[in-house]
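This text opens with one protein chain seen in two forms, each one given by itself as structure tokens under the names structure 1 and structure 2.
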Structure 1
């Protein structure tokens, strides 16, 4: 029976207005949600369970505020929810080390995660975790078929490539044609009553820290042209400044 792990992360709502307070992003009033690509990982994990049996455990790393993202995963249908207690910012090495230890402790068969987190966009968690575990790894998965090994589709060279991936493995998920299921009333009620399994795992010291945040530079004012007489000027700007022709 498969022991399926799905990694989820709580991030600021991608529609939220981001403001700076001093040299740091102020997230005090920002709504937190599950990182969008993690939703595709949860859906893939649930499909794996439905195809092969087993149980799905959702894991996150964070403080008590991160319980919400686990409850969201529970409402969708995962079996167990685990939070690795941590109230400090971890760099990629520290985070992946903690996750690797958690996965080893749970005797997992496969780990699914989003291809990247909406807040950092690094895309390093899946490959980095696989490296620490010594497992097979594939990123940007858009479709998975399940059996004694996985058959994984990823974008490649303007088309798609299909890989045979032996288990155990770590798969980073992209959207593809996946339709993420929505929680029903029963799932929402079960999630409210669900107990988060809080665990402690010592993290190595982070060597990379955020020095400051800054907003991107303002976009220059646009230019407007009318009439056929301006066509030559527009073509010159598209060629010389926009580099599109």
Structure 2
């Protein structure tokens, strides 16, 4: 029986326009969704349960608004949903400390997470959490098979490598060939009724603080051409003006 944990985070929909209010990003009008890679982590966690038995617990660290992604995970088939209540921005050290504490309390076999969150783009949480727990980790997995230990495929040295990964371990998930399952009506009904287990864990002080947000520097308008023959001019400009070939 495995005790499988999956980390899910709520982020702005990837189609959303990001706007500033003063020198901070203003997300008040933005639709929020489960971070895309976390969907692959949930799928992998469910496959682990199907292969080895056990239960899947989805955890998020966030405020009450983040309950929605937990319900989404529940609708797809996770057994338990846990929110570590937190309404402040945490740096990576603080976030991972909180998660490490939560995972230790649950006597887990394995943790799956996204390879990076769509807001931070960082990819720090999986390996950082593993180090704090003293566990093995593999990042950016594209295929996982389940047994006494895991067998995980991940990019390495220009190709791929298959790793034997002893449990307990943290695996951060890329898409690979995964097809994520969709919730069915029963799942959606169960999710509506499901209780979020809200926990509180004190976070250490952050030593990385946000100074400001800004828009990406505007790119000067490029040159534009009509017709395929212009490709010859562009090729020359790439050599003589841009110096990139």
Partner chain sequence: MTETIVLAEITKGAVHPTTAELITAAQKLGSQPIVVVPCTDASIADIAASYAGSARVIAAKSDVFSNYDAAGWAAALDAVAPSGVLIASASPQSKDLAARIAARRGISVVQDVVKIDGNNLTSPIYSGKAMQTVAIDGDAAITVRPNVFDAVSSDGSADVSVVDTTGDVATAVMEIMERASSRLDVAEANIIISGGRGMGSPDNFVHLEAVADTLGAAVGASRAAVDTWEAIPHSMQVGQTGKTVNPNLYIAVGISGAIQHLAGMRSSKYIVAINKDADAPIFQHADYGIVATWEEALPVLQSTLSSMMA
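Rigid core (definition): largest C-alpha set, two forms, superposition within 1.5 Å. These numbers were taken from a predicted model, which means no experiment stands behind them. Numbering follows the first chain given and starts at 1.
Structure 1 is taken from the form predicted on its own, while structure 2 is not.
Comparing the forms between the two structures on their rigid core, the Cα displacement of residue 236 reaches 2 Å or more. Positional change of residue 15 between the two structures stays under 2 Å at the C-alpha, relative to the superposed core.
Relative to the superposed core, residue 226 has its Cα moved 5.6 Å between the two structures.
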